[in-house]
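First, one chain by itself: the form predicted on its own, in structure tokens.
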């Protein structure tokens, strides 16, 4: 009978590093997802943003049961929320709250894609939601933040 060494618990620094990596990835991904909504033909403008978001809202309304007023309101706020939440995650501003709000935003976006049966987009967003859930488990190891959560 061989004795295997007892598993050692990860050190606090490993959890801190794991959370920091998740936070940076999610922050960058969310921020750039918002910024790309302003792009068309290599130019980033507010005119492009509203044209892109109106086209997205009309597409979802045309292929689902959701009314245009609902999809348009969601789409027009989406880019701004992604930029705000992405920047907040990168800086570590109320990280727990920001992670929950970002997760809810991705769930809302997934709902729209589920309604139009866009399975690939839903799968990508499900990965984001899973990463956010993992980050929420590790959020107590958040050591580098501008405005920390209360424990």
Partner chain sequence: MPDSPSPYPAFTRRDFLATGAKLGAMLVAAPAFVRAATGSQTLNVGLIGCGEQGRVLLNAALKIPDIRFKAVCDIWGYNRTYAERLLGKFGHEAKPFEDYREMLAAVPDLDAVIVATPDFVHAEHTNAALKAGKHVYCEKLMAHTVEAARSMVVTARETGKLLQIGHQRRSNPRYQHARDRLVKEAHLLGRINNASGQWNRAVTEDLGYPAKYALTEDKLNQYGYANMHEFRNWRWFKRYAGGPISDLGAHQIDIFNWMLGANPSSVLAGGGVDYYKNHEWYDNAYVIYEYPTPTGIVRCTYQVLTTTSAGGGYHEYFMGDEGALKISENPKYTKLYREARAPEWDQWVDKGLIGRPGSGEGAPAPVKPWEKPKPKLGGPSKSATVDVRETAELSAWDIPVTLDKAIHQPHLENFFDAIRKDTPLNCTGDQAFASAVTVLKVNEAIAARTMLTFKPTDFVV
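Numbering follows the first chain given and starts at 1. Small disclaimer: the values here were computed from a predicted structure and weren't measured.
One more form of this protein should be noted, the form predicted in complex with the partner chain, which is absent from this view; the next part is about it.
Only one segment in the set 84-92, 66-74, 112-120, 98-106 has any non-hydrogen atom within 4.5 angstroms of the partner chain in the predicted bound form, and it is 112-120. Residue 47 falls outside the set of residues with a heavy atom inside 4.5 Å of the partner chain in the predicted bound form.
The partner chain in the predicted bound form comes within 4.5 Å of no heavy atom belonging to residue 26. Proximity of residue 56 to the partner chain in the predicted bound form falls within the 4.5 Å heavy atom cutoff. In the predicted bound form, the partner chain lies farther than 4.5 Å from every heavy atom of residue 125. Every member of the trio 36, 52 and 60 reaches the partner chain in the predicted bound form with some non-hydrogen atom inside 4.5 Å.
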